[in-house]
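To begin, one chain is listed below as structure tokens, in the form predicted alone.
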Amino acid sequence: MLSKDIEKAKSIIMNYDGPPIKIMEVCGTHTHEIFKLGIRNILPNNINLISGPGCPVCVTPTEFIDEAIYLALEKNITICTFGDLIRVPGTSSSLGDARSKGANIQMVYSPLDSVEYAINHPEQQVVFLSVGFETTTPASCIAVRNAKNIELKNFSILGANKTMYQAYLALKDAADAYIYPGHVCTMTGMSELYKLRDEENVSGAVTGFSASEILSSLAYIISETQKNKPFVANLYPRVVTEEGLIKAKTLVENTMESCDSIWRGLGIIEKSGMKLKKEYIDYDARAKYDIPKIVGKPNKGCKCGEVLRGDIKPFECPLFSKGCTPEHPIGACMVSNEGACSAYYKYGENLWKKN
């Protein structure tokens, strides 16, 4: 984007004097980048940026952590997981707490690392915590299919994979338009967003993560909102295509199927989750270990749910910066590197220290 185009976008944003516009940045990376780039500092008072679901860790429900702890402590199963999940609180403890009690919790960088760990430790039963949106689900599918192909008996996944389309619908009244997550749209393509526009009157713009791309999307949304009709645009065409990643989508469709899913703060959203198909049921940890139904109980003072819905700003939670900090998180939004609370804590002192 040329410097003159950046200045034009900034001018549109800074000089807007129309009715209030509420814009939700769905992706936590956008939330962090908007803070780091100082973009909030140029927004007029009638442009309200709110944070949405953020990342898979943020919306993973308490009961999922409880299930993982149950497997680790009650079934003596090795848990392989991404680093952020280790600190996310369950009902009464975290996976980090479970590790301090003797549980074998292994941090990995991909689902395939978990398969490799299971191969190298045949005496252990290994479960990978499969948490992610459309971008990371294919890797879990590859891990499961590889495990089945070599008849690996000591590996399975505990699934909490989610898709964004139904979440967009659930949150559509929270904002006038979305800044759609560029990496998710890289996987899905544009068809779902056209459907949201044409059938549900949901507006938004797909964008990348640089200053010019974010500024361009904000200027576009501000300009289009004034026309009073739904809109969508791909402002990240160097990465996002119309059709998305067809091979990856086919892989997921052949390995998993949709199911109802619990989202932290949003409750059960129908057909927004992904679970393994019957032919891969031997690699579904819930079925393999007959996990009992667990009802999680999040901390009553934590307002992560309200933050994820865009109902409140993070600093409006009574625990923010007091009991809940990145060093001692109480809620998932403060744990995750893409969480809204961690973004406000790290970069938004001018907002929360005066409140």
Partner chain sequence: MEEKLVTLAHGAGGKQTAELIDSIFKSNFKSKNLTADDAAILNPPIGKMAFTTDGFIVSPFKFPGGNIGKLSICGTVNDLSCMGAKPMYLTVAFVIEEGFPLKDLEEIAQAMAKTADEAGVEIVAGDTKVAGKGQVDGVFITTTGVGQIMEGVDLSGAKAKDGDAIITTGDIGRHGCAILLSRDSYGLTADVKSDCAPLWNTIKSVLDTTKDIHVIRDATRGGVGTVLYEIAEQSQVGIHLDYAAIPVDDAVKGVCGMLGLDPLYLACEGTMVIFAPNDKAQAIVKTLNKGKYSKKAAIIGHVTNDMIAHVVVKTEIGTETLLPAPSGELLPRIC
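Here the structure is a predicted model, which means the values were calculated and not measured. Note that the rigid core is defined as the largest set of C-alphas that superpose within 1.5 Å between two forms. Residue numbers count along the first chain shown, from 1.
The protein also exists as the form predicted together with the partner chain; that form is not presented, and the subsequent description refers to it.
**Item:** 4.5 Å heavy atom contact, residue 64 to the partner chain in the predicted bound form
**Value:** Output for residue 64 is no: heavy atoms all beyond 4.5 Å of the partner chain.
**Asked** Do residue 32 and the partner chain come within 4.5 Å of each other in the predicted bound form, heavy atoms counted?
**Response** Residue 32: yes, in contact with the partner chain in the predicted bound form.
**Prompt:** Taking 4.5 angstroms as the cut-off for heavy atoms, does residue 122 touch the partner chain in the predicted bound form?
**Reply:** The answer is no: residue 122 has no heavy atom within 4.5 Å of the partner chain.
**residue 292, heavy atom within 4.5 angstroms of the partner chain in the predicted bound form** = The answer is no: residue 292 has no heavy atom within 4.5 Å of the partner chain.
**Request:** Among 292 to 300, 66 to 74, 41 to 49, 305 to 313, mark the stretch whose residues have heavy atoms within 4.5 Å of the partner chain in the predicted bound form.
**Result:** In short, 41 to 49.
**Prompt:** Within 4.5 Å of the partner chain in the predicted bound form, heavy atoms considered, which of 276, 131, 79, 147?
**Reply:** Filtering the options by heavy-atom distance leaves 131.
**Message:** Since the partner isn't included here, can you check whether the partner chain sits close to all of 157, 266 and 287 in the predicted bound form (heavy atom within 4.5 Å for each)?
**Reply:** The answer is no: none of the three residues contacts the partner (heavy atom, 4.5 Å cut-off).
**Prompt:** Out of 58 to 96, which residues reach within 4.5 Å of the partner chain in the predicted bound form, heavy atoms considered?
**Reply:** Read in sequence order, the residues that approach the partner chain (within 4.5 Å, in the predicted bound form) are 82, 83, 84, 86, 87.
**Prompt:** When you overlay the rigid core, is the Cα of residue 22 off by 2 Å or more between the shown form and the other one?
**Reply:** Moves: no, less than 2 Å.
**Item:** Per-residue C-alpha change between the shown form and the other one, residue 327, threshold 2 Å, rigid core fit
**Value:** It does, since the residue 327 C-alpha is displaced 2 Å or more between the shown form and the other one after the core fit.
**Message:** Rigid core aligned, does the Cα position of residue 211 differ by 2 Å or more between the shown form and the other one?
**Reply:** It does, since the residue 211 C-alpha is displaced 2 Å or more between the shown form and the other one after the core fit.
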